[in-house]
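Below, in structure tokens: the form predicted on its own, a single chain.
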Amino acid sequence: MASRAGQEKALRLLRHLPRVALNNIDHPNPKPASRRKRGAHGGDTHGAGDKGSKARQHFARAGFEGGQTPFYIRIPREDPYKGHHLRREYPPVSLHQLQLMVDTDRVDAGRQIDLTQICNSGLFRLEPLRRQFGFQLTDEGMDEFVTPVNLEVQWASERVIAAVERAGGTITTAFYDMASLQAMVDPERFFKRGVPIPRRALPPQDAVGYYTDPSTRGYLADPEQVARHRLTLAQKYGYELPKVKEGPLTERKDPRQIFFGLEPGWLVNLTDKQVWRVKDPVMSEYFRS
């Protein structure tokens, strides 16, 4: 009885519903409405007018606003953007990423970790031709950083310096010019060119103050003042400054040097596995000066 009552109810409902037709069902692949082509307008110009950009390309040029003064002329020029294409960029590398590279043996913590080691890890890429002059070390993961290492980066904040020195390591901020960066990013490719190792240029005038400041651990700062600022920073952040022994943690490059163990002016032959040194005293003085 229940099934018959349900059937009668369903039939009663169907009597009041509209009949199934093409106008009340959804087609899975509806045919798109046809668009009238250009030639379908008729006339000599086919509805495009006589001349001008609308008759030739059907759209206005970029930045055209119908004849009124465009946006890029109405708004005055902002001085902070002046020369932005010439500013130096420093892609970020966090302390968390650095600790992960040390734990996974992507970098050798037994020697100074510089720009070349970070690029050779395969995790970071530096493009000097895009005005990228090195890496900046950020404070993300500063509580996780516990490995004493010897770091050389191009930019670091006070919190980052405190985190590295609290773990028992040392940090130096150093500048590299464009020619030096192209050699350090891919040393194998540079050595295959068969050109001498360039000498590192001094920082530009607007960066001299940063790289000579002991509070930023500049590579041109006085070592005695750097030691004094290390103690001051430890007192400020409330940690005991670990003693740094002579060895890998105290290694520093010469201000004109790019690679450890290789002097400017030397030529590296990867095929014969030889290093040709400069013997001319005039050239030796040039690369050392």
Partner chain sequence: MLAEELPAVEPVDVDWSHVERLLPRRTVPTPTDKAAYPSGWTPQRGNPSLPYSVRRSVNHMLPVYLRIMEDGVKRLTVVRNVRGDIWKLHDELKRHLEETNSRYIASRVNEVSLYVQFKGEYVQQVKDWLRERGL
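Only the largest set of C-alpha atoms that superpose within 1.5 Å between the two forms is called the rigid core. Because the structure is predicted, anything quoted here is derived from the model rather than measured. Numbering follows the first chain given and starts at 1.
Absent from the display: the form predicted together with the partner chain. The rest refers to it.
- The partner is absent here; in the model of the complex, the one residue of E127, D206, D103, D79 having a heavy atom within 4.5 Å of the partner chain is D103.
- Distance criterion of 4.5 Å from any heavy atom to the partner chain in the model of the complex singles out Q117 from the list T216, S94, T170, Q117.
- You can rule out all but one of 258 to 266, 223 to 231, 239 to 247, 59 to 67: in the model of the complex, only 258 to 266 has residues with a heavy atom within 4.5 Å of the partner chain.
- Contact check for P187: a heavy atom falls within 4.5 Å of the partner chain in the model of the complex.
- Looking at D254, you'd find every heavy atom of it more than 4.5 angstroms from the partner chain in the model of the complex.
- For N24, no non-hydrogen atom is located within 4.5 Å of the partner chain in the model of the complex, even though that partner is not displayed.
- Using a 4.5 angstroms limit between non-hydrogen atoms, K273 touches the partner chain in the model of the complex.
- Core-superposed comparison between this form and the one not shown: the CA of R277 exceeds or equals a 2 Å shift.
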